[in-house]
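Just the one chain here, the form predicted alone, laid out as structure tokens.
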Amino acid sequence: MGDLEPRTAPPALESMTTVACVGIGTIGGGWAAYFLARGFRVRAWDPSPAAEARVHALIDAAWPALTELGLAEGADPRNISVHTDLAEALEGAQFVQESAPEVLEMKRGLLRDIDAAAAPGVVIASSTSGYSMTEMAVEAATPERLVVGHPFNPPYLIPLVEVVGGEQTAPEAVEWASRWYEFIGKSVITMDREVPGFIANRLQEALWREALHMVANGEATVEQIDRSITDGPGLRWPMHGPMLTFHLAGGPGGMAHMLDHFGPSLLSPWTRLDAPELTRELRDAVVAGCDEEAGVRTVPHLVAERDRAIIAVRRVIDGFRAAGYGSGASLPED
């Protein structure tokens, strides 16, 4: 890994006032809304003529949920400027969140240009959901300040961010980025090494592939698959996650009993982890299933429904954690 020179040390977290969002589609716009809700000024860049209207619409849609979760002092949805000149957008920015489309050559060129224009010491994070920083940073002059800060949609509600550096990223940049995301209220996984697909996406991908196989083989409908999670294991995951859930499934013997007793079943031919061929028939079946499940609910209606549900779940889980559950501390008597 690289090293940061003392003169290029990132700013103190308490001094942060201005962030830049490069690319303001669904993910970048969600980041912009979140930064605004945490009281920061946002300078945004996007080459699309429709970007400014689109990001304001996204912020307006997200603001009720962000208000319900609690706004930081000085939070203002109008505290954003949208630019088509990258260098202009980066003026005064103390942190950069890049959220361009997942096209490797585009990412490489854009990170190179951001690195050239951003002030010394500014950490630059990419929202990439699949590329490693090692392969994205090849054109940057100072790759030691480039990190991955992988969020989850919508970034203004889902707290998780996976942080990992590339082969040339300075450890100090990774550490600063992790502290920064925690400072603004995110739940951070600082990864020790680059892993293709990161962590959460790998797990999501396995579930997604299995779901597509079951639809393709006529084994389950889209609605059945969704209900199998929302009314089944999904109810257990917000507090404990899949590993502790299986730990509990082992009874008093915990995970050791679970693995010893059920381990042989791992060899059962249940799963088909290879991606199925996305035929036109499978594509149409999945689309039709989603349309049928959504019914009269439009995408904006589903987004509002999702946001209300996430807020409710987060409040319940936050209440449990505030009471000491999930921390390993002594728990109150029931």
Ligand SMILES: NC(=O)c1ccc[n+]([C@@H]2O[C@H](COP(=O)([O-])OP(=O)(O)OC[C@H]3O[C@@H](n4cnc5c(N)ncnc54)[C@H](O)[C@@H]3O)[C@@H](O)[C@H]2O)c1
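In case it trips you up, residue 1 is the first one in the sequence shown, and so on. Everything numeric in this text was worked out from a predicted model, so none of it was measured.
Same protein, other form: the form predicted together with the ligand, not shown, and the subject of what follows.
In the predicted bound form, the ligand sits within 4.5 Å of a heavy atom of Glu102. Although the partner is absent here, Thr84 is not a contact residue: none of its heavy atoms lies within 4.5 angstroms of the ligand in the predicted bound form.
Although the partner is absent from this view, Ser48 contacts the ligand in the predicted bound form, with a non-hydrogen atom inside 4.5 angstroms. In the predicted bound form, at least one heavy atom of Gly25 sits within 4.5 Å of a heavy atom of the ligand. Taken together, the three residues Arg108, Ser132 and Ser178 all stay farther than 4.5 Å from the ligand in the predicted bound form, as judged by their closest heavy atom. Heavy atoms within 4.5 Å of the ligand in the predicted bound form belong, among the stretches 48 to 56, 64 to 72, 35 to 43, 281 to 289, to residues of 48 to 56. Proximity to the ligand in the predicted bound form, defined as a heavy atom within 4.5 Å, holds among Thr230, Ser187, Asn217, Asn153 only for Asn153. Shown here without the ligand, the chain has Ser127, Thr128, Ser129 in 112 to 149 lying with a heavy atom within 4.5 Å of that partner in the predicted bound form.
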